[in-house]
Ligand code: ATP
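Only one chain is included here, represented as structure tokens and corresponding to the form predicted alone.
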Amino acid sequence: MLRLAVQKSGRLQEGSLNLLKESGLHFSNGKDQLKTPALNFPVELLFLRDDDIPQYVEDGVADAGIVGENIFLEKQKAGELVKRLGFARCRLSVAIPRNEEYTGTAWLNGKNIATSYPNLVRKFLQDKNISAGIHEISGSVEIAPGIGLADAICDLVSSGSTLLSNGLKEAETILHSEAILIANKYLSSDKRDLLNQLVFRFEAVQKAQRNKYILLNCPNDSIEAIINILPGMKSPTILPLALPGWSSLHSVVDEDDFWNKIDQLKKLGAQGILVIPIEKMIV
């Protein structure tokens, strides 16, 4: 049985549970449960505070965990970064009062910075050769400049609306963060095998999210040119239509590239273009 720690509540929980469900795991997630086994895969979920997950993984209480990269780096616990998961993206940024003119990192010299991430801030200041005070607080970091506790803050930013509502603006980005899968470095071979199976499922879900299945009709004399635009995973599927001289071409396309290729496809005579979500993608 692989013990996997996920956030008990907060911004990572929904994304973590959705990824597990899309990976085919079925489990009961009662409101106050602290652990629950999957019904169809040998994994047990442990619901923990985000801040505690790196420690539990280092100690071997949890074999693996889904945690914010910012927390993993801040806590400085022994653990293996297994995979980036692509959700809960945010940035750890220094923010200053909106009416201040920021002239670069030198502005921070001699200032006090309020943060819940003292280790990451300390490393940033050392790397930039900046001498500044660090005031460690938990929660409500944005209020610190307004009450005279600090000159600046360093906190997670997603949309920036919280900074704006507290009269602050971003000045420096220290770290780009997302949800990551971490694991204990000393897993048994059996547990390592289970973790690899789980990663395989995660990758199938992620590939499906990035790609779309595309179907189109095209003149036969355009097939080779269209294949060069839409090569597919290995090779497109081509089926003849009842209409002489025409075929149906099926392929896979990266959604980010699709709109860049539409004009090329239309100029080659492609018609009836359908783009369909992919539930899982295994290559």
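Position 1 is the first residue in the sequence shown; the rest follow in order. It should be emphasised that the depicted structure is a prediction, and the values quoted were computed from it without experimental measurement.
Beyond the structure shown, there is the form predicted in complex with the ligand, which is absent from this document and is the topic of what follows.
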Taking 4.5 angstroms as the heavy atom distance cut-off, pick the stretch from 56 to 64, 215 to 223, 248 to 256, 42 to 50 that is near the ligand in the predicted complex.
42 to 50
Could you tell me if residue 152 has a non-hydrogen atom within 4.5 Å of the ligand in the predicted complex?
no
Spell out, yes or no, whether the shortest heavy atom distance between residue 198 and the ligand in the predicted complex is within 4.5 Å.
no
With the partner left out of view, is residue 89 within 4.5 angstroms of the ligand in the predicted complex by any non-hydrogen atom?
yes
Using a 4.5 Å heavy atom cut-off, state whether residue 269 contacts the ligand in the predicted complex.
no
Interface check vs the ligand in the predicted complex: of 82, 205, 144, 156, the one with a heavy atom inside 4.5 Å is 156
Tell me, out of 108, 71, 96, 183, which residue has a non-hydrogen atom within 4.5 angstroms of the ligand in the predicted complex.
71
Of the residues spanning 1 to 18, the ones with some heavy atom within 4.5 Å of the ligand in the predicted complex are 7, 9, 10, 11, 12
